[in-house]
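Below you will find one chain, with nothing else, as structure tokens; this is the form predicted alone, and questions on how it binds or moves follow later.
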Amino acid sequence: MATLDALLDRQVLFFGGKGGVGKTTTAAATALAASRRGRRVLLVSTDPAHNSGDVLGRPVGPEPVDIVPNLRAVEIDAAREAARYVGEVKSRVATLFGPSILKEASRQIDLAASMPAAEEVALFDRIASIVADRADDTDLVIFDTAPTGHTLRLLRMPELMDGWLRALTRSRRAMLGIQQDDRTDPILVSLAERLDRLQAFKARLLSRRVTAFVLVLMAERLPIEESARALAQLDEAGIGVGALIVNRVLPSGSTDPFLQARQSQESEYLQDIDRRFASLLRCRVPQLPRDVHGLDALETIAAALCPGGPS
């Protein structure tokens, strides 16, 4: 069975899948394995139900914290990011408009901030910043993402925001009566900077030498079907899927009738996974006798995913 060793030289890894399949555990274990090999890793949780601190056995919050040498972790809170994002937009607007316009502009910004998609836009902006501005002290960023549907919406955001920013640029040019960007106009300059930033993120996201998506599932019908849909949508978006992790595979050899029945069904699903995802690198992680909590337990998962050892 394959391993994730070949993916540890990437710059960005996204771990995604149906809720409850073990994305956080496998993402954290991979981050730990990469750090043991000398790669400087930032583990980023974007799941609203943050569990990375529970799995790591260390407090993790909105600012990066050291876990072990070469490994830091951070949990991004969408509501907090939305408040920060709105504050930054208001600050920029305050430098562009006079008092007569500023009050109405602030009201419109607050109205937009109350929309359901506001937190997703703010979260995407933070993810894009982390990827595009990967710090000099970080070799690999690993994202532990929210359940599949939410993650796929975020990853489609570049296309949506690209069109929106270009439309705003055209509107501003028409208002000024010009054909090209005016580098003296602060609004056009701001729009051009955001578009450049978006393009930089999009280029990294679509580069299969830089970024890979890791699908996590269990050998059960619903996770298999959701993974198949996610694979099709990621492929359509041009995002490379680097591997598929089948988590919590039952140990063989039990004489218990119940476990034997479960293993028989699981065996069928494992064959189905091998058939339907034959083109992907596939890893299996065994079911452990206890919950995964703390670095010692994570080491067991890390050894299953990346057995190559330190370089």
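What you see is a predicted model; the values in this text were computed from it and never measured. Numbering starts at 1 and follows the sequence shown.
The next section is about a form of this same protein that is not shown, the form predicted together with a small molecule.
Taking non-hydrogen atoms only, Gln260 never approaches the small molecule to within 4.5 angstroms in the predicted complex. By the criterion of a heavy atom within 4.5 Å, Val285 is counted among the residues contacting the small molecule in the predicted complex. The closest heavy atom approach of Arg39 to the small molecule in the predicted complex falls outside 4.5 Å. Remark: Arg10 does not count among the residues lining the small molecule in the predicted complex, judged by a heavy atom distance of 4.5 Å or less. The candidate stretches are 245-253, 273-281, 58-66, 30-38, and the one lying within 4.5 Å of the small molecule in the predicted complex by heavy atoms is 245-253.
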